[in-house]
Each structure stands twice: as structure tokens, then as C-alpha cells.
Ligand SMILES: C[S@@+](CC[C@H](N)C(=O)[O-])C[C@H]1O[C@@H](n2cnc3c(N)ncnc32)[C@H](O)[C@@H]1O
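Only one chain is given next, in C-alpha cells, and it is the form predicted alone.
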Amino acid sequence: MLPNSCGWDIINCMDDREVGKYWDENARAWTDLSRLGYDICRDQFNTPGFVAMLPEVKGLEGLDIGCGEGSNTRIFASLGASMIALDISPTFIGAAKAMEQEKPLGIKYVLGSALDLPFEDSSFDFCVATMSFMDIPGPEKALVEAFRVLKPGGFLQFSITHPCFDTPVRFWVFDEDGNKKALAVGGYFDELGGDILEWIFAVTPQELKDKYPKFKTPCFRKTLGSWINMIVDTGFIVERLGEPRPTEEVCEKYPSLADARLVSLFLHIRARKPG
């Protein structure tokens, strides 16, 4: 048995439906807290960096895979794309549909799995997946499905936690003045999956931490090489990489984000289906 919180017997039997149950249990707290502005990594630099790397999507048909409560889907729609969005959590889809009714952008939300997309071949000009693929058991299948539903010449752009720094062992190294100097990482080559992480947005006020349960998120770790090789083996051409970081101005407003100027917390990848 490998040295993590979940043995191989659990890893191998954890399918997308089981993972979906965890995310559906997270969905109400996640939706409420993120809409209150406590997902500062997403709002202050991860999504802005993702959008800055995105090619022109105005007038294109796009699919958002693992849309959650729909925050980023609404951004893509506001850029002029015709969006369909999919998530495995009924609660997330319900929250996204409610926002669409309140502020219509023409988005269609669909309940479904990234491992079995309910769409015909060559249906979309582009696919996006923000912070969802690393939470999927068997992400190679999600890549195959995204490739299938893309039109020739279409692109997939997705974001994940950075494989080089989101490792089983990680701790900060401090200088003589007590300031963070470096991040020590270990277990990089341990491609583990299915271990459950418990956490909540760091800036959530204590009264809300007392009100909402911590998120329980299944984690499926891959090395950087594994991710790139999966993309290439699927048939994609890797087009661009991004490693977003907050600006100094953002860090002045949100000091807890200063860590993200020392190491990259997230990785953005864009790949294209040959046309």
C-alpha cells in the first residue's frame, strides 16, 4: 500500500460517480462562499490569467467541462462565446441555472460526466476546463472526450493545480527573519489518486467556517510529464502554457496571496486538435 490516505484498492474503484458525490456535497458551501468573494485565488489571478491566455472566442461555440456553479462559464459567455456547460454535481448545475435565470447570458447547463460527454463528435469550436481535470479519475479519458467533441482545428484550454508544486509532501522554508523563502516539495513522482483533501477558502471568516463544513475533494496527482504526454498521446498539439501569478498590487490587498509570487500554484495548458 502506498503512503497516502487511500490504498490502491480504493483508488482503483473510485469512479467519476463517486467523485461526483463528494463534489455535490461540497457544492452548496462552495457556491455560497465563492459568490461572497472568498475564492480569491480564482478571482484575483487564476481566472484573469486564464482569460488573458484564451484566444478570441467571440462568435464561437464552446463547452465548459466541470463548470461548477458557473462563474467562469459566465465570463466566457460575456466574451461573446455561445456556451454549453457541464458538471457532474446536480447542486452545482442547479445553482448555475438559477444564476442564468437571474442574469441570462444564453448559457445551457447540462448534468453529466467529463468521461462520457453527452455530445456528438465535432460539436464545439473550443473546450475549456477550469480547475476540474485534476479532480477527475482517469483524466486521460476526459482528454479523449474533449478531443472527440472538438471540431478539427478547435482548441482545449484547461487549468490544474501545478504538478510541480502540488505534491504529497510540501512545506515552506523560512529565512532568518521568519519570511517565506522557498517551498520544499517531495513525492513528486508518486502519481497517487483518490486521497481526500479537506480544506476551505483560507480567507473565509471564522463565523462562516463555523457555519459551513470543509470541502472534501478527491485528488488525482500526475507529474508534469504525464500531463503533457497524455495530451500528446490523445492527438492534441500543445500550443501554449501559462503559470499565472498575482500582481504586487493584488498582494498588497490580499497578503495571503504573496505565496503565489514565490512558486506557481496553477498551470494553464492550451492544446489544439489538428485541422
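A residue's number is simply how far along the shown sequence it sits, counting from 1. Here the structure is a predicted model, which is why all the values come from computation and not from measurement.
The discussion below concerns the form predicted together with the ligand, not included here.
Heavy atoms of no residue among 187, 259 and 264 are located within 4.5 Å of the ligand in the predicted complex.
Here the chain stands by itself, but in the predicted complex one stretch of 87-95, 166-174, 143-151, 189-197, 87-95, has heavy atoms within 4.5 Å of the ligand. At least one heavy atom of residue 42 is located within 4.5 Å of the ligand in the predicted complex. Though the partner is left out of this view, residue 107 does not reach within 4.5 Å of the ligand in the predicted complex, counting heavy atoms only. Using a 4.5 Å cutoff between non-hydrogen atoms, residue 62 does not count as a contact of the ligand in the predicted complex. The ligand is not shown here, but in the predicted complex it comes within 4.5 Å of a heavy atom of residue 30.
In sequence order, 130, 131, 132, 135, 136 are the residues of 122-154 having a heavy atom within 4.5 Å of the ligand in the predicted complex; the partner itself is omitted from this view.
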